[in-house]
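In the block that follows, a single chain appears as structure tokens, in the form predicted alone.
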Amino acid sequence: MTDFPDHWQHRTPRVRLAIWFGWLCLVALFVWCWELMTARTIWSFVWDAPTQAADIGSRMFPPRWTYVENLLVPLWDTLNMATLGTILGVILAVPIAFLAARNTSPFPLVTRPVALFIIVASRSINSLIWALLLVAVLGPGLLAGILAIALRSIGFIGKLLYEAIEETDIRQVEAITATGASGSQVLTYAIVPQVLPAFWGITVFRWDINIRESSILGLVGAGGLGLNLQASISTLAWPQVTMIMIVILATVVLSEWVSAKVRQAII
């Protein structure tokens, strides 16, 4: 017969000690990080922040509704920036996704690491940073914003798409291969039909995200609503700032609704 201990313990003393030591290290790390972050904080500004926020908030209302006429063209530019950037990002991301997927990469030891590096590099750099770099190279304007949106979208679309490619049903691939189909025919008739719904869902979802991001790229000179926002903040025209924020909010809500409806229809 098996001998059981007289009393049961959820954790041994050594495990409990290790857990407490881990929590102690976590608290010490938090305190150290807090000290680094607040070393140069001017606390008088922090304590005065509620008063300043209330003052600016009182100046922001009521919104300047007549200013909405000046936002129609920037709003159109913002939508174009998000749409064209998404399209360009999709064109660049699709081949990268197929090169990154294990089951479609032609030379896994070479092309897959390169494709994965491009995806990681795109995802690790924010669209504002891309816009800053491109504005410095190309000058201010919508072109820099479109390219910034596209470069940022490559990582998002590429990652989700290559994961969808790797999750395709191998039985369909084997069935098409058994008919003597070539590699391109297997790709066209076995893999692409399976990932097509995911592709459209990812694209629409990224377009929705890009509308939000393109709304603020004008802060660094990439055009759109962000340019008007930066000008209004610089001139302390707070009622205009409120109007711009309302337009951005309405645009994001509408794009979210459209995106949800499209994804629901596809899936």
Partner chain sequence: MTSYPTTWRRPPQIFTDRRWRIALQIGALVYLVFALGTLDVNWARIADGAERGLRFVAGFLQPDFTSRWRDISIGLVESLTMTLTATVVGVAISVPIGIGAARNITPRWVYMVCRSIIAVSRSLQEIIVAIFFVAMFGFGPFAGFLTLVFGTIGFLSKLLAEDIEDIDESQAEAVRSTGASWLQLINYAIQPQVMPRLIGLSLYRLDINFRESAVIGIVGAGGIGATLNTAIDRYEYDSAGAILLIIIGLVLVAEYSSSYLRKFLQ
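From a predicted model like this one, the values you see are computed outputs, not experimental measurements. Positions refer to the first chain, counted from 1. Rigid core here is just the name for the largest C-alpha set that superposes within 1.5 Å across the two forms.
The following text describes the form predicted together with its partner chain, which does not appear among the structures shown.
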Item to check | Joint contact, Q52, I56 and I216 to its partner chain in the predicted bound form, by non-hydrogen atom at 4.5 Å | outcome: yes
Next on the checklist: Please determine whether A18 contacts its partner chain in the predicted bound form, using a 4.5 Å cut-off between heavy atoms.
Outcome noted: no
Next on the checklist: W76 versus its partner chain, in the predicted bound form: is there a non-hydrogen atom within 4.5 Å?
Outcome noted: yes
Item to check | its partner chain contact at V204 in the predicted bound form, heavy atom, 4.5 Å | outcome: no
Checklist entry - With a 4.5 Å heavy atom cut-off, would you call W238 a contact of its partner chain in the predicted bound form? => result yes
Item to check | Of L143, L88, V94, V114, the one that lies within 4.5 Å of its partner chain in the predicted bound form (heavy atoms) | outcome: L143
Item to check | Sequence-ordered residues of 121-141 touching its partner chain in the predicted bound form, heavy atom within 4.5 Å | outcome: A121, R123, S124, I125, N126, L128, I129, L132, L133, V135, A136, V137, L138, G139
Checklist entry - After the core is overlaid between this form and the one not shown, has the C-alpha of W257 moved by 2 angstroms or more? => result no
